[in-house]
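Next up: just one chain, as structure tokens, the form predicted alone.
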């Protein structure tokens, strides 16, 4: 496609500026059941999103096809959309940053591996899970791979592009013990090189997490010292950091409004955003074309910065932090590649410090059980009791309740077991001094 035609047409009809973002995506996936392929899919997609300024207002348009009519369709819809735009916000199409920190994160090795090679590796994993324990009666393993090319162009001559690919492997097991009790466990891993997959370690983890649940029951209700594992920590942290959005601050819906350079959580916590870290979530420019940079969000519990896009930065008279990302048709704010600085204690050493408490391995119902405005939550959970500094009996059918600010202010120690999660957060386990648990 000759994208110059869009800019020529925009100029003809009086658009003051135009931006095009093009996403080309290829997906390959398959699933195994009883070690045989039961699903297989290959798909390509194309999406063109456009923003333009007409009579001082922003207009939007999107298309998933390119043909002779697309140019007129996009430009006319931008004009129409801008005409009905009642927002008082100043519109922005960004000319470009002075410097961009480009890196190549595309894995040729993954791209060049044949489908049969990938299937054989995943089949070995699937079989390894089944053979780890005679109580495992069903295994389901899925492989999903995505390649995405993203291009950003605008009428100021800015042209940015990125290309990345990655694979996600998910394996779950169903086990039944001698008493007829059935439990399910799973593990997920993100990879750019399948040779990095330790099949034995992965399979052992799936089976261990499944078998360990036998005999689980609700614990007694009460307040417990608590260790949240990395996945639970990342889920809670993602809601906590929504309060760093300058948009929420400006709308008076952030609980961290007016807290800049103040203590907002435990001194044990230093939280960074590293969009330039070379992994599958690497971003060297945001969706407005602003160069990203690594930054400390919270240092030893003290809030260092809010997160800005061009619009919110203009309102506060500051520079954007490069956190403008698409949210529907508009540009919202989010953090990429967030990490908690790990501590020196292993997870086992955290249990030893707790002595008597609870270890939470899974929380669910976040969107229903989390009040983003107050920080209060009540979430279905499961895990294990900690007794005499060791993991003991499994617990399930419990609810953990509290407030996000109490949780993160109550962090006593941070683990060393940092893990990259599917939400781009790389975090360890944390030891929190108190959480309310409803059980029996």
Partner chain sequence: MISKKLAVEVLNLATSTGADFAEIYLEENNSTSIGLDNGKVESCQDTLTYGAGIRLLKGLQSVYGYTNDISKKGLSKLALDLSASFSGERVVIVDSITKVRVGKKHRPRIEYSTYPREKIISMLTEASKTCLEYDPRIVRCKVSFSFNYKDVEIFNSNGKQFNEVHSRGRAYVIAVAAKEGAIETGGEGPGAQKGMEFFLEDIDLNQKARDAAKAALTMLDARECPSGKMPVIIGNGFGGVIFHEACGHSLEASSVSKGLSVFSGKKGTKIASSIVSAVDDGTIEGGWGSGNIDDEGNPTQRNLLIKDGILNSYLVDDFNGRRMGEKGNGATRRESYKYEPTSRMSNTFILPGKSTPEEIIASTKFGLYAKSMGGGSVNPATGEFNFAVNEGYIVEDGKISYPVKGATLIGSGKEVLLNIDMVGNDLLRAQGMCGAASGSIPADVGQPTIRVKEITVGGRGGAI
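Everything numeric here is computed off the predicted structure, so don't read it as measured data. Positions refer to the first chain, counted from 1.
Although it is not shown, the form predicted together with its partner chain is what the next lines describe.
A single residue from the set 247, 349, 209, 133 has any heavy atom within 4.5 angstroms of its partner chain in the predicted complex; that residue is 247. Among 138, 345, 277, 148, the residue placing a heavy atom within 4.5 Å of its partner chain in the predicted complex is 138. Interface membership of residue 328, defined by any non-hydrogen atom within 4.5 Å of its partner chain in the predicted complex, is confirmed.
The shortest heavy atom separation between residue 183 and its partner chain in the predicted complex is within 4.5 Å. Shown alone here, residue 64 lies within 4.5 Å of its partner chain in the predicted complex, counting heavy atoms only. The shortest heavy atom separation between residue 355 and its partner chain in the predicted complex exceeds 4.5 Å. Looking at 298 to 306, 264 to 272, 87 to 95, 149 to 157, the stretch with residues near its partner chain in the predicted complex, meaning non-hydrogen atoms within 4.5 angstroms, turns out to be 87 to 95. With contact defined as any non-hydrogen atom lying within 4.5 angstroms of its partner chain in the predicted complex, the contacting residues in 19 to 48 are 27, 33, 37, 38, 39, 40, 41, 42, 43, 44, 45, 46, 47, given in sequence order.
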